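The data below hold one chain only, encoded as structure tokens and taken in the form predicted alone.
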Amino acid sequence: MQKIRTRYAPSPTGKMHVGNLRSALYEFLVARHAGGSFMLRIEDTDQERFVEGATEIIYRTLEQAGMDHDEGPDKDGGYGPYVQSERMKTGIYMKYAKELIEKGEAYYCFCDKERLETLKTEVVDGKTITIYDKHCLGLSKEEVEANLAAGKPFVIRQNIPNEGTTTFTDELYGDITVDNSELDDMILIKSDGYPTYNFANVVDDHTMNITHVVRGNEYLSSSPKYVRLYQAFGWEVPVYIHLPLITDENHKKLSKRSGHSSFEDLLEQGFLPEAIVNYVALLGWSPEDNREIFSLQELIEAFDYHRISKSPAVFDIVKLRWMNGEYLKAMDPDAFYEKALPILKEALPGDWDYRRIAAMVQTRVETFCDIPEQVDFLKELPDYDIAMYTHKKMKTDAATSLEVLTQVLPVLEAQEDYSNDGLYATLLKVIEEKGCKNGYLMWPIRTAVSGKQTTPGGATELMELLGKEESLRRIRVGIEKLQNA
């Protein structure tokens, strides 16, 4: 059997969109699952969309996501160059375009902008395209040579017959047949001498021995043109796997405006690379069981591309947050502390026990960006509503809370040991004396010292962090609030 070879072939046009990340991940998993090779190829033929620094983003994203490539611009595997602009300098695209012209499968087109504007247009996949009328296909060999000799600008177009059909096979969608009359004579070589994305893609995939092509199903409509190129050259068509669309929660195409459309956006929002990769793997693919948490190695072992769905996948930020939270809970405490420390220092400047605080919030946050909101009350007591003192389960209300705070204030004023254990032991004695439940006493104290409905720790843990002076001040504020009410 032929060794499986896949490629991730991004254009350096900015951040890596979630859809591109999924394509890269599935290409990686298809190759790794079968013990094949995963290649990185940079497709920079569209110079107008080129973004400075975008190539570095591609490398960085693949590295952070754990997708190590076997070949690429930085790892020559014998199929280079791996950057299209460098491949173009070898003359490879023009060579193959001229081969198609010799076979009658392509032709020179000298039509200027004015003439093209007179042709009819059609909307395909939301884009308005011009339907070329094969005008230049009728030029004689002498006319073509005269135009070339005169330096007249040209493009090279694919020659698709107006009659008959073209059929190709997709691993998920099966056999797809289209009428050739629906296919336009797409440009293969642009007027600047650069190949179009579609043409370079086919030439590169063949010459680099790519066996499986994994991409979004927006390319389904272009696939018949690719197949006709393979057939025109007499090349073997690769295995096609077209992936379902990724939509937002409103079932609309995921866009940059959503704020979580790229890998870098998600990292900036406090998500872990491993959690993002795990979640993105499940956007269109499902394992045999209902399992949801996978390491990258476990994904490699479990991944079967035949289990990819044809239905659109919904990017659910709530589900991603849950999954990221599971990763944070399972994270090594020291590793969590190292990542949380810069955030904690910014949220809580000063002399704090950051390691203790990190340990308290680790199981309570879903992303690192949740941390400031969890600890902001430590810096400054928020102005809170006394309704928070009322808790049905704890059987507390404003009146009972005032009684509790008034009773424990002198006890806490006399307390010297403000460690969590020391405070808890002292308050436990008060609880025993009152003959009440723990929550009846602890809820009002925690409310007074935090001013928040939920906190990363209990009353005595928070008091240890705040220290004696600040804890007592906040309890007095609570008493005053309740008395005024």
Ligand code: GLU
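We number the residues from 1 along the sequence you see. Note that the structure is predicted; figures quoted are calculated from it, not measured.
Another form, the form predicted together with the named molecule, is not on view; read the next lines as being about it.
Participant: Flag Y197 as yes or no: does it have a non-hydrogen atom within 4.5 angstroms of any non-hydrogen atom of the named molecule in the predicted bound form?
Facilitator: Flag for Y197 set to yes.
Participant: G19 versus the named molecule, in the predicted bound form: is there a non-hydrogen atom within 4.5 Å?
Facilitator: Output for G19 is no: heavy atoms all beyond 4.5 Å of the named molecule.
Participant: Flag R215 as yes or no: does it have a non-hydrogen atom within 4.5 angstroms of any non-hydrogen atom of the named molecule in the predicted bound form?
Facilitator: Yes, R215 sits close enough to the named molecule in the predicted bound form that at least one of its heavy atoms falls within 4.5 Å.
Participant: At 4.5 Å between heavy atoms, is E43 in contact with the named molecule in the predicted bound form?
Facilitator: Yes.
Participant: Select from the listed residues F154, Y305, Y79, Y219 the one whose heavy atoms reach within 4.5 Å of the named molecule in the predicted bound form.
Facilitator: Residue within 4.5 Å of the partner: Y219.
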